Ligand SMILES: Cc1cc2nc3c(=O)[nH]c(=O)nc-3n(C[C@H](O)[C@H](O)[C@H](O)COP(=O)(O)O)c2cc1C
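Consider the single chain below, provided in structure tokens and representing the form predicted on its own.
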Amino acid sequence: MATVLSVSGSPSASSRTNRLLRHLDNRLTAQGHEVIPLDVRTIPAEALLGADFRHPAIVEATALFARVDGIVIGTPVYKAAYSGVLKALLDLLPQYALTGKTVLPLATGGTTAHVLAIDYALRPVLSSMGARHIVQGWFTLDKDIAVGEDGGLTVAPAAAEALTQVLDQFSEALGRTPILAAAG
């Protein structure tokens, strides 16, 4: 199947966004995809904030984006936009780093007032970076994501159903042959 880069744009190691992405990674793996997790918060701050394009961690992240077929990007929403650490990484990638890629944008937040952050903040950036196809994204309320004492994740039934649907659409889109490639 496809190789997928699963990018967590959360600055927190224990975030619901990060845990949700890793939960969804398991579903993609079960569907036969190779999933590579990338937690942006693990990239050294001096590389991100200093715009050090030659830093080994930035070079490695850029190579990961180049080698995959699809990208799941998850972010918490702060002040009606995606996270600053995610913004810093996207700014350091080549202008067309997403060319030919299928992308699934996901966001989490505390209120439905931020539900449009995917379409009005994140999607335009992903589009400008050349994504071949940005599938329908999904916003999940923090209250719909529960972490048990054992670290296990529980997603509220309605949110779980919606996430399954968008993840399956993403997986299906990864399996399609681009029209231009099929014609050649």
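Note that this is a predicted model, so its numbers are computed, not measured. Start at 1 with the first residue shown and count on from there.
Form predicted together with this ligand: not shown, discussed below.
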{"query": "The single option of L89, L98, V77, V72 touching this ligand in the predicted bound form, heavy atom within 4.5 Å", "finding": "V77"}
{"query": "Partner contact for E34 in the predicted bound form: this ligand, 4.5 angstroms, heavy atom", "finding": "no"}
{"query": "Proximity of S12 to this ligand in the predicted bound form, heavy atoms at 4.5 Å", "finding": "yes"}
{"query": "P94 within 4.5 Å of this ligand in the predicted bound form, heavy atoms", "finding": "no"}
{"query": "In the predicted bound form, D52 touching this ligand (heavy atom, 4.5 Å)", "finding": "no"}
{"query": "Interface residues of 98 to 116 toward this ligand, as seen in the predicted bound form [heavy atoms, 4.5 Å]", "finding": "T108, G109, G110, T111, H114"}
